[in-house]
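In the block that follows, a single chain appears as structure tokens, in the form predicted on its own.
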């Protein structure tokens, strides 16, 4: 990949030049993982392209178009759009409370014509952009000042509270983790981090009182899944059986039983990784993790190559958001944490999740394409 001087990059970079600047290895790995997801949706449907694989092909295709479009947008435009996009997502989260669609006991979707949108997924991207926009204008010393710190804490707290009310504990946790990590990367002092961590740990008994009954059951089931193996513990018990029965090399593609015989609920969404473990074994799971590690590694390298603080924070924030998806879903299906309803990115069936992940990758690609752009450290409108 060529590196152009900043002045030339700013003035002469055409659409053709931007395509040449794409991070093609990253795009290749994204496509490979997405194709694995389609193949597994075909498998868990008993070797049929419907109902999930065919629709997921459309989701991936539209997602790649969205990725490409986002990548071609100058990173300075994303900086200008950061606050408006965050505001729109807040309004959408409020709209969920008013006209939202309820599914699986939670009110998380709104209907926009033929599109069923889950605003909490889009908020993950908007929050990273908005926080990066705010933190870009601060020096390291300013990040830890109480008045300066209050703004990002409010920016994190409002969407997290709205998402928690849906209720969607898993996404609320990811929003909080995304925000905390960006503050740390921007230079937040340990004198804030350590007391906050202690306060959060001390507040766990209080938070327990406000959890919904089904959330409490999930925690109790996590602590002792065999206590109600045919009820609340059914999902995690069947997931462990599926992964364990795959052994080292698996039963073979299309030969899984837990998913195809419907022992495993949500086999096409949150628990799709268990089908990989059953059909391809430990080696298949390791191969998948290596592909995910390659994506994360590319994201970190893109962040390190960016010349602007905004670009670095956005790239790291989006990469961390992707990592939290993987970490929480993987730990959940293995019984290491309670079930919280987080999909495995690029694998699990779902339109909103796929499109928002692709949108995030598009902005990450934009950071790479425009990595030579320098953005002044002030709060004015850019361009």
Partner chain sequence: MPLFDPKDKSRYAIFTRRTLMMTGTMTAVFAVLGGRLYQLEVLEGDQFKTKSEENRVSERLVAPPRGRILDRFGVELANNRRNFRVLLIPEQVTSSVRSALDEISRILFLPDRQRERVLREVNQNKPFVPVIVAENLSWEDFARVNLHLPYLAGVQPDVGQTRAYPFADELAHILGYVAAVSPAEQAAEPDPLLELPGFRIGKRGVEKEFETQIRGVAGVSRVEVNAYGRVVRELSRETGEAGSDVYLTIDHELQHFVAQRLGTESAAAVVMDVTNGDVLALASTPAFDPNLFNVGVSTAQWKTWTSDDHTPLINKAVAGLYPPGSTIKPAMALAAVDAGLEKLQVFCTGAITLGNHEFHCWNKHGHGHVDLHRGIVASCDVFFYEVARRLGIDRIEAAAHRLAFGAQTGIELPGEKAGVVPGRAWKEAHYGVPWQQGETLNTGIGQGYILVTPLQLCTLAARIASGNAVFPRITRIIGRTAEVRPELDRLAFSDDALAAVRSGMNGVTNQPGGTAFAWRIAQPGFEMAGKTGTAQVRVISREEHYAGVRKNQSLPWKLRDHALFIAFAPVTRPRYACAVIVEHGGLPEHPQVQMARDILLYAQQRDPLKLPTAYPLSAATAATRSGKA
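The model shown is predicted, which means the values in this text are computed figures rather than measured ones. Residue numbers count along the first chain shown, from 1.
From this point on, the text means the form predicted together with its partner chain, which you will not see here.
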Its partner chain in the predicted complex: contacted by all of 188, 303 and 327, heavy atom 4.5 Å: yes
Residue (of 30, 316, 339, 353) lying close to its partner chain in the predicted complex, criterion heavy atoms within 4.5 Å: 316
199, 154, 94, 293 - the one with a heavy atom within 4.5 Å of its partner chain in the predicted complex: 293
In the predicted complex, residue 150 touching its partner chain (heavy atom, 4.5 Å): no
Non-hydrogen atom contact residue 42 with its partner chain in the predicted complex at 4.5 angstroms: no
Its partner chain contact at residue 216 in the predicted complex, heavy atom, 4.5 Å: no
Interface membership of residue 277, its partner chain in the predicted complex, 4.5 Å heavy atom rule: yes
Residue stretch of 47-55, 317-325, 22-30, 62-70 approaching its partner chain in the predicted complex, non-hydrogen atom distance within 4.5 Å: 317-325
